[in-house]
Structures are given as structure tokens and as C-alpha cells.
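Only one chain is included here, represented as C-alpha cells and corresponding to the form predicted alone.
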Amino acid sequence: MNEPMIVLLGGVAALLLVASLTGMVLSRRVTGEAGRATVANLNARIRAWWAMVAVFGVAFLVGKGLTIVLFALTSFWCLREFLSLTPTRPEDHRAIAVSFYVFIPLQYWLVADGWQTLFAILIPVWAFLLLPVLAVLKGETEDFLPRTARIQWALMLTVYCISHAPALLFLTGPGFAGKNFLLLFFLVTVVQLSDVLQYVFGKLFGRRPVAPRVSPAKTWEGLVGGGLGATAVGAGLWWITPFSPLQAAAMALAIVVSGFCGGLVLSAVKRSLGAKDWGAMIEGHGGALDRMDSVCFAAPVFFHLTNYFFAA
């Protein structure tokens, strides 16, 4: 772990300490029922952030190998949550097993190996062709297309898309030396901070929902206020990236917009299934996929923009 990473993690820990103390004060002063519920939710989120920062800090400290394993386990759990909520049949079990025990380890092995060509097409091409074959061999045609599409899309979102985050560790190019972990830090920080600031601005100023039937809590005021705040922080972190300040702001904005789209799309999926959260793994945050929904969209967008414009 290099000195900038130590400084950044120390800054995040200090920020969380201030947030914890603020939450403690608010919990004693707020009296209204709605206010107490909001503060309780905020404190639960802060405790979850402490846990997540600790896990990522250990991964960054140990190195690339543990970071890849961490994201592979995250993909495994997110895929489990997705398929636990979406209806499947016994005839789908072979395709599901191959998704878990073949394509997750193979995708992350390709990340670690740096085989970028096959990494980019393994799931969109090979998995998409193989999984329907495994299902059709069982001979069950009822709801065949929706069943197959659920498994394919689950694998695409929770494995293929998320795997682009640790793939940042293996990009090379001018100005990348010693900054690959910092690029991953940049992505995760902007994504999570955007979510937090959108929540805060939405609670304080939110009036007009972006998609009322999908997620009434996601408002234009929250998106604009939180998005601009996260973009400004991303611009301020230009020094840990190969980007100029203006380029860092543009990349942060791309992360904000794509992350918001990911959260909105997966909220629509949950609502169509009649579920509030993907799971209950993380107190205050629901399941692992509730925390990774923004990353599912933001990670591949950020990876490919960085790879195209800045990598060798």
C-alpha cells in the first residue's frame, strides 16, 4: 500500500468518525417519529460503511490477489441474491451451477491473468451461448426464454459488470504507475459518495421523483445535488489518477450518471418482483446487490473509458 492510499483511507476513516459522532448527537436530539426513523437509517448505513471500508482497506493492504478474491466473492453473493428472488425451475439448475462454479472463477481468473480479450467476451459470448444449451437439454420449453434471460442477465450484471472494477488493477499506460489501486479507490469512492449525497439531497430538498412508479425516493433534486457534489469530489481527486482535473470531473460525472442508471434499473427489477431489498446481508443497506447496483453499471463504463482514452 503506497502513501497516497494510506492518506486516503485515513481521510475516509476520519470522515466516518465525524459521521458517527454526528449520528450519535442526532439520535439524542431528534424527537419526531419520522426524524428518528431517518436518523436510525443513517446510523445503520454509517455502521455498514465502517465494515465495508475495513474490508476494502485489508484488501488494498494485502494486494491484488485478495482484492480479486473479494470481488469474486461479492459477485457470488450478488448472483445468489439475484437468482434467489427471480423464479427458476429445476430444469435450470445445471445452467445455474455452471454460472456459479465455472463462469465466476473463470472470469476472475482472466482478470488476474490480464487476458483482456477473452475477459471482455467470456460471458457476453460464450456464457450466453452455452447456458441456453444446458437448459434446453432438459427438454422443458415452458417459459424458456424468460428463464434463460434471467440467468443470462443475472450473470451479466453480477459477474461480468462487477469484474470490471478489479480489472482496473491491470491497466497500463502513461501515468498509471502505482495508481491502479487508486483508480479502483476513485471508482468506489465516487460511486458510494454519489449514492450518499443523492440520499441526503433527496431527503432535504427532494420534490420531483425521476421515476415515481419505480423509486419515489430517487428525485431530480437528489440526482443533481448529489451528482454535482460527487463530481466535484472526483475532480478534487485528480491527483491520484492519470487524469487532469477536468478529465477527472468528466470521468466522475460518467460514474455518477451510470451508477444512478444502475440503481434505477435494479430498483425496477426489485419492484417487478415485489421485493424491497435484494437481501438482508448488510444492516441498513439490504443485500450485497443493494450496495453494488450502482457499481454494476458504473464499473464497466469507467473501465472502458479509462482503457480507451488513457491506457496503453
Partner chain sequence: MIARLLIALTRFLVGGHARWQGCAPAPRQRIYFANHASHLDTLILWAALPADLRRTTHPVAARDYWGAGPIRRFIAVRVLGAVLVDRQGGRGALAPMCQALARGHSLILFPEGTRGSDALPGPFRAGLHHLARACPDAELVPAYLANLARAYPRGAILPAPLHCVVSFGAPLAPQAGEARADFLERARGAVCALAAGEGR
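What you see is a predicted model; the values in this text were computed from it and never measured. Numbering follows the first chain given and starts at 1.
The form predicted together with the partner chain exists for this protein as well; it is not shown, and the discussion that follows is about that form.
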Discussion item. Given that the partner chain is not shown alongside this chain, does residue 77 nevertheless sit within 4.5 Å of it in the predicted complex, heavy atom to heavy atom?
Written reply: yes
Exercise: residue 83 in contact with the partner chain in the predicted complex, heavy atom 4.5 Å: yes
Quick one: is residue 224 in contact with the partner chain in the predicted complex, heavy atoms, 4.5 Å cut-off?
no
**Prompt:** Does residue 193 reach the partner chain in the predicted complex, with heavy atoms at most 4.5 Å apart?
**Reply:** no
Assert contact_stretch over 193-201, 86-94, 127-135, 112-120 against the partner chain in the predicted complex, heavy atom within 4.5 Å, equals 86-94
Residue within 4.5 Å of the partner chain in the predicted complex by heavy atom, from 153, 101, 220, 239, is 101
Picking from 73, 211, 228, 149, the single residue whose non-hydrogen atoms come within 4.5 angstroms of the partner chain in the predicted complex is 73
When the partner chain is considered in the predicted complex, the residues of 157-175 having a heavy atom within 4.5 Å of it are none
